[in-house]
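First, one chain by itself in structure tokens, the form predicted alone.
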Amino acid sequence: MKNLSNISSQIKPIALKAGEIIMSYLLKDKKIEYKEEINMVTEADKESENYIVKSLKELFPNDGILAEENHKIESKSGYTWVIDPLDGTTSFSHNFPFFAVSIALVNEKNIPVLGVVYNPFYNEYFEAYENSGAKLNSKPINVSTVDNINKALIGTGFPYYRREHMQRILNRLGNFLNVVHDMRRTGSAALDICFVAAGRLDAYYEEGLKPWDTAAAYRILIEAGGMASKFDGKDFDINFPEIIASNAKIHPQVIKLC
């Protein structure tokens, strides 16, 4: 068994340094490459990932690594680090201040047992590990107590393939807009889920996601008293491309709208 408390302390300076790397690029002319028509990558993504991967390999040489841009290493320990070096690249490329470093430790059952999400622009550091509670800048956080979807502030995001499935996406969005108090979109799945954990949003849903988008924030959400599932209510799986994250109280109502 891993000592998650010690590991949490070891990970923090890595995430903070990765955030410094990202911020060093923020106001520069960004060299942008496109992996797909909409999906982009910048030098900040690459340098942040290289630093995180190098640091984790030195500390945990037997653990696996799954990172968004380029790194995949098989695990010898049963544990794997799932990394998004810059979640919210589109926001970052436009200097829109909602982007984050996301680092999760996932066990042999593909369940995240530790997660950190760091927004360097606002210096907000979300963290949690199994059975520890969730924290923002070292202070405990909890999900909201809203129990009626009509009073809920809901977050969402749009997949990169949205142009091919526009009507389905708009139909679902319309379902929510007809009943919720209001909606928000930041462009960072990791931050949106953490905002549910901190009670800033009451729920969040999105499709077209990857493991590195959700793994770290999932653990933070659960430790803050929240709930996550697929759109149909079945158990959340980091390898399945959709999530509903909620304060638990309105989860059934959100499922009906998805």
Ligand code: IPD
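Numbers for residues come from their place in the sequence shown, where the first is 1. Being a predicted model, the structure only gives us computed values, none of them experimental.
Beyond what is shown, the protein has a form predicted together with D-MYO-inositol-1-phosphate (IPD); the following relates to that form.
Chemist: Would residue 160 count as touching D-MYO-inositol-1-phosphate (IPD) in the predicted bound form under a 4.5 Å heavy atom rule?
Modeler: Output for residue 160 is yes: heavy atoms within 4.5 Å of D-MYO-inositol-1-phosphate (IPD).
Chemist: Does residue 208 reach D-MYO-inositol-1-phosphate (IPD) in the predicted bound form, with heavy atoms at most 4.5 Å apart?
Modeler: Answer yes; at least one heavy atom of residue 208 falls within 4.5 Å of D-MYO-inositol-1-phosphate (IPD) in the predicted bound form.
Chemist: Is residue 185 a contact residue for D-MYO-inositol-1-phosphate (IPD) in the predicted bound form, using a 4.5 Å heavy atom cut-off?
Modeler: Yes - in the predicted bound form, heavy atoms of residue 185 and D-MYO-inositol-1-phosphate (IPD) come within 4.5 Å of each other.
Chemist: Can you tell me if residue 144 lies within 4.5 angstroms of D-MYO-inositol-1-phosphate (IPD) in the predicted bound form, counting non-hydrogen atoms only?
Modeler: So residue 144 does not count as contacting D-MYO-inositol-1-phosphate (IPD).
Chemist: Just to confirm, with a 4.5 Å cut-off on non-hydrogen atoms, which of 223, 49, 63, 213 contacts D-MYO-inositol-1-phosphate (IPD) in the predicted bound form?
Modeler: It is 213.
Chemist: For the three residues 68, 84 and 88, which mark the spot I'm curious about, does each lie within 4.5 Å of D-MYO-inositol-1-phosphate (IPD) in the predicted bound form through at least one heavy atom?
Modeler: Heavy-atom distance to D-MYO-inositol-1-phosphate (IPD) in the predicted bound form: all three under 4.5 Å.
Chemist: Pick the stretch from 215 to 223, 200 to 208, 228 to 236, 54 to 62 whose residues have a heavy atom within 4.5 Å of D-MYO-inositol-1-phosphate (IPD) in the predicted bound form.
Modeler: One stretch meets the cut-off, namely 200 to 208.
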